[in-house]
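Given as structure tokens, the chain that follows is alone and in the form predicted on its own.
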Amino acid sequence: MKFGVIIFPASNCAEDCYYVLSSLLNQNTKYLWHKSSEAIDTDVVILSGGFSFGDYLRCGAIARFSPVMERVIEFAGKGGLVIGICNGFQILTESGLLPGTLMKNTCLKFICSPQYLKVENNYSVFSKKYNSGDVINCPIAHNEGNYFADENTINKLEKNNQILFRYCDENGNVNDSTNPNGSVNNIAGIINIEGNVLGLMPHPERSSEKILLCDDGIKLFKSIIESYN
């Protein structure tokens, strides 16, 4: 498969995604510059975490207007796979590729810690290597990770099984006490109705190798690869 990892000014996780895909999974991977207006010629596009444009104005609000995002929107509209991780998730909501928004954490502090997630839907191209109900560990590192959408949108996400991951504890309990940032319904990751665009706040690329003491995240990338083989 061919993967493209977008570089925005102040992105700081693109190299991690590139390493996982190219070195650990031996996939054809290249960087895509944010000013590029060329048609995307990869199978998957990844918007990595970081602080694109210094998070000025609002997280993802400036990156959304980078020329490459016009191509990403076209790419997704044709069924291309898109993943937004952390800041990438914020950019996807700003671009209208995913519903809702990411607000400041309810604690009003930057959170950087390991985090348990419950797999809600393993029928997605992004989650088929997991089992429904699995509890996995993927770290979080954000100040604006509090997912919010209006009641009608949340109801649609729930009804259409668009919620892939929820924040939980090591036993899979999903409640207010296991919610690190105040996200509605403990939502940690969602897909669009077509199923080809994923946004999640946790970092699977940071839990993809045993040397990091956890490799739960690599199954997300393996799920995509397996779907195309």
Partner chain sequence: MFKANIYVTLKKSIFDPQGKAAENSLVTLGFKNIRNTRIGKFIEIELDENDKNIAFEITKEMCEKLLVNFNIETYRFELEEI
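Numbering follows the first chain given and starts at 1. Computed from a prediction, not measured in an experiment: that's the story for all the values here.
Keep in mind the form predicted together with its partner chain is missing from the figure; the text below concerns it.
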State yes or no: in the predicted bound form, is some non-hydrogen atom of P139 no more than 4.5 angstroms from a non-hydrogen atom of its partner chain?
no
With heavy atoms only and a cut-off of 4.5 Å, decide whether F110 touches its partner chain in the predicted bound form.
no
Report yes if any heavy atom of N105 sits within 4.5 Å of a heavy atom of its partner chain in the predicted bound form; otherwise report no.
yes
Tell me, yes or no, whether L57 is in contact with its partner chain in the predicted bound form, where a contact means a heavy atom of each within 4.5 Å.
yes
Just to confirm the contact call: exactly one of 59 to 67, 184 to 192, 43 to 51, 29 to 37 touches its partner chain in the predicted bound form at a 4.5 Å heavy atom cutoff, so which is it?
59 to 67
Enumerate the residues of 119 to 149 that have a non-hydrogen atom within 4.5 Å of its partner chain in the predicted bound form, in sequence order, or give none.
F148
